[in-house]
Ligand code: 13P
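Only one chain is included here, represented as structure tokens and corresponding to the form predicted on its own.
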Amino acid sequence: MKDILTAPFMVEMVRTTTNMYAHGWDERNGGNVSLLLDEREVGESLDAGRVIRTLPTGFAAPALDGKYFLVTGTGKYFKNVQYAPEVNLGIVRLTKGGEEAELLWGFEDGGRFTSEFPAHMMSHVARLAVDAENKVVMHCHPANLLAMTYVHSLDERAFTRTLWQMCTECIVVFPDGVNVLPWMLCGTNEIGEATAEKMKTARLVVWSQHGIYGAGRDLDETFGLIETAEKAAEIYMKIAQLPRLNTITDEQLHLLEARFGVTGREGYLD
């Protein structure tokens, strides 16, 4: 059996969480990541029949029954993942319609999955219904996107258009735009349900005054989505109080659509 710490999915998770911390997106124990795993890949490095313990999830997700996830732990610091992945990460298999999670590896200090686990799983259900290849849900606290929710309208069309106008690549990277939730209490099924609903139409969901949720086909794509939106928000925050003499026009955004074979979200461009 292969060493699980050298499995490609584990190596990428360690690299990604380390990079997220280095970017300043995941202060202290902020942020969480979940990755849907292939059962065959898990079997190459793990005895899937050996259950360490069973954890209640507090929600139901029949669509994910039997699915395996690599997930960050509650109260864990991303800066420590590279040094002790077996403590800060865990592999779970959902059972009983998603109401229970069998721990198969990790959380060796007695820990458990992130408190945002319900929100992650609900978002996985929503994204898989749109794109069966979407395997990652990522939550973090990028400073400029947070700052933007204090000074910019939370209207999703206006928010998206502002980000598209900040960087030429934005409409290419996230043509589906950005959805926005008002402030809600985190760690609850309510915010999980609201996020999942927003995930049906966009891979990026901003939690006002809190952070952002991103979804994608792999860790690189999801990290890149958030990275691009955060860069655009940084530019916006630098110029928000200045007179704007130039901008990327809707006509130019349409040119980008044609050049890169993407279609901006319906109704968002004039």
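Every value quoted in this text rests on a predicted model; they were computed, and no experiment measured them. We number the residues from 1 along the sequence you see.
FYI, the form predicted together with the ligand isn't displayed, but the following is about it.
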query	finding
In the model of the complex, the residue from 162, 149, 114, 179 that sits within 4.5 Å of the ligand by heavy atoms	114
Residue stretch of 57 to 65, 238 to 246, 28 to 36, 225 to 233 approaching the ligand in the model of the complex, non-hydrogen atom distance within 4.5 Å	28 to 36
Residue contact check: residue 207 to the ligand in the model of the complex, 4.5 Å heavy atom	yes
Non-hydrogen atom contact residue 189 with the ligand in the model of the complex at 4.5 angstroms	no
The ligand contact at residue 80 in the model of the complex, heavy atom, 4.5 Å	no
Partner contact for residue 74 in the model of the complex: the ligand, 4.5 angstroms, heavy atom	yes
